[in-house]
Structure formats: structure tokens, C-alpha cells
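One chain comes next, on its own, written as C-alpha cells: the form predicted on its own.
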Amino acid sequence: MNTDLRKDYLGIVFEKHRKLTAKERVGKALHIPLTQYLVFSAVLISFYILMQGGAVTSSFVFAIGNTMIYAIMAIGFCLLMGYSGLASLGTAGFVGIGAYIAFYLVQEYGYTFGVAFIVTVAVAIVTGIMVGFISLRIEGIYLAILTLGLSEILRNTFISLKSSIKIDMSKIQILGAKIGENEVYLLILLVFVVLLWITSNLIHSPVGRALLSVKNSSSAAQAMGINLMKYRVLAFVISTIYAAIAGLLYMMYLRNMTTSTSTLLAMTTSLNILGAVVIGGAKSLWGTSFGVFIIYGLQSTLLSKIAFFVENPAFITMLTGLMIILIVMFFPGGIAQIASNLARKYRESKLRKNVERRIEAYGRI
């Protein structure tokens, strides 16, 4: 038998029949998405607990909460661009929908968070359907320009309605009970992890495969019986809902915004979210979340303690731009692709060593 084939055969036999070690069982469990999200939630909750004990500063936890809000926008955009292939620069305008609904319903009319959440989702669905239908006739860079124009229309509409909005903390209620500033962090965490889990299930479902087929070739997808209108509209609806929910949570967390000066509703936000998805990987939720951390969380959580970055705050922006260039040129799959390649090489090296060791043991028998 050929030596290489013999190695592969013996490797398969040994791997199939041997018992897994405790470490390997834990590693196998961590490959289950739900387990990953639970572990991730535990880590984020630990920051809150450490803050209560004084081990972590409130500014650090605040920065993590703010980063999660932007990550919610990004995972919706990840689904839109990475799995549907649709370009959009309207994220900032959709975020404004949630922010202003939060202000008017919670502050002006005294409704609870639940009511504001339902109304936000309903308005986002209508907006997403409108943009989704437009995407059937316009594609590529023209669709991006159109959504950018829509975002600017929404932004100027919000400025004309009220240029400065603010929510009183005592007005924020969930199920009729008032919550404090720290509890909003837990609310953001809950929404973020649930949306991560929902999105993960969605992209691994027949819907996700249909979205990918539409992205790869709309003509081939239609020939296979996939409804192009249905899935494009669905992608825009989901992305718009996530962005609007992020705007709602932003107002609950920061509680004030000046529309004319805030970057939240400006084109900067849309471009930063695009950059985060490119850096992290357009087809990876974890990569996208990490990309958001690089753009929005790295400076405020870690680099703010280093004198050089405090004195040169623009350096991180330059570094981010350089990362985008290098990733687009050499690693189109983003940081997720780099991590996947390294993990694959490590597994192959480990398996090769195990097979060689067992072949040696087999030869001594």
C-alpha cells in the first residue's frame, strides 16, 4: 500500500475508534454555536459583575456596551452584503429611525421599551420592504448611492423634526418597571446575543443558502426556482430592523444626541460599519463583531490607557485604513479567513503528528 494512503487510512481508523479526551470534548462542545454564544455572554456579563466590585471601571463597561450597539448594526449589514451581495450605505439613516422612535415614544409619550421596540421593528419592516423593492431594479454602486441618498434624506428629516433629542433615565421602563443605567447594558447584551444566535441559525438554514445563491448568480438562482424579489426584500428588511434596533438601544444607553453634530446619523457610521465587515469578514458573524471592536471599541477600552494613542487619536484611524487595504488585497475573507487558515494548518499539523506517532507504534507491534 502506498505510504501516504496507508497513513491516511490508519489515521482515519485511529481517529474513529479512540476515545476523546476531556480537552477534546470541551473543544467539540465549543464548536456548537449556542455554546459559543453562552460563553460569550458569560464573558460580557463578567465585565458587569467586575464593575460592580470595582475591579473594572464603568467607562470600560460603557465602551463595551457602545461597541455591542454598533455590532448589532454590523451583523445585519453582514447578512446584507456577505450573504446577499447587496451594497448599502444607508445604515446611518436606518439607525436614526430607531433613535427618534425611542425619543418620541419613551420621552414624549411615556411608553415602555417594549412598545418602542415593537413600533421600531414595524417601521423598519416597512422601510426595508421599500428599499428591497428598489434593489430589484438598481444594483451595485448605484444601489449604494441610492441608499446613501435615502440616509441623507432621513437625517435631514430628523434634523427638521428636532435637532437635539434627550431621554430622561426615569422614563425608561421595561414591563412597567424602571431600570437603571447599568441595567441597560444587560439589555443591550441580551438583544445582541439573541440577534447573533438568530442570524447564525438563519444563515445556516435554507434561507441562508438561498441568499448565497442569489449573491453568486441571480440568473442561476432564478433558474433553480428561487424567488429573487422575496430574498432581496428579506435581506433588506432584516438589515434595516437590526440598524433600527441599534438606534433604539443607542438612545436608551447614551440618552442624548444632537443630530446636526453627532456622527451616528452621518455617512461616517455607514462607512465604518462597511469597514468593520470588510476587516472582520463579510461571511463571519464573529469576524464582523471583532471588526467592530477594532473600529469602535479598541480605542476606548484599551488604547485610551496608552499615552501615544491618547496624544495621537487619528493613528487608529490610519491603522484601520491600512488594515482594510491589506485585507482587500490579500485576504478577501477578512480576519475570519486568516483565523480559519491558521486553525486549519494547526489541525493538519496535529493530525499528521498523531498519525506518524501511531504508525511508529503500529510498526513496533
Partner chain sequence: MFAAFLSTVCGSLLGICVTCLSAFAVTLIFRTSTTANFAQASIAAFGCYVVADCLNNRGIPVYIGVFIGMAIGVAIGLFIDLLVFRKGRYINELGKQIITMGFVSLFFGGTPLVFGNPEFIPFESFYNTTKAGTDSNIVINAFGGEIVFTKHALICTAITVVVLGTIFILLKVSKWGLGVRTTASSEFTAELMGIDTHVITAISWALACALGVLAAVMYAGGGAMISASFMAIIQVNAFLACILGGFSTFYGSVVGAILIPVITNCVGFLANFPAFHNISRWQLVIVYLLLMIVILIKPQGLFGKKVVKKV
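As the structure is a prediction and not an experimental result, all values here were calculated from the model. In this text, rigid core is short for the largest set of C-alphas that superpose within 1.5 Å between two forms. Positions refer to the first chain, counted from 1.
Omitted here: the form predicted together with its partner chain. The next part is about that form.
Looking at Ile188, you'd find every heavy atom of it more than 4.5 angstroms from its partner chain in the predicted complex.
Interface residue remark: Gly275 is counted as part of the site for its partner chain in the predicted complex, having a heavy atom within 4.5 Å.
Although the partner is absent here, Glu152 lies within 4.5 Å of its partner chain in the predicted complex, judged by heavy atoms. Proximity of Arg137 to its partner chain in the predicted complex falls within the 4.5 Å heavy atom cutoff. Contact with its partner chain in the predicted complex, defined as any heavy atom within 4.5 Å, is confined among 266 to 274, 177 to 185, 67 to 75, 92 to 100 to 266 to 274. This chain lacks the partner; the member of Ala314, Leu302, Val39, Ile49 within 4.5 angstroms of its partner chain in the predicted complex by a non-hydrogen atom is Ala314. The single contact residue among Ile306, Val43, Ala55, Val328, judged by any heavy atom lying within 4.5 Å of its partner chain in the predicted complex, is Val328. Looking at its partner chain in the predicted complex, residues Tyr142, Ile145 and Ile324 each place a heavy atom within 4.5 Å of it. The two forms, fitted on the rigid core, differ between the shown form and the other one by less than 2 Å at the CA of Ser41. In the core-superposed comparison between the shown form and the other one, the C-alpha atom of Gly321 has shifted by at least 2 angstroms.
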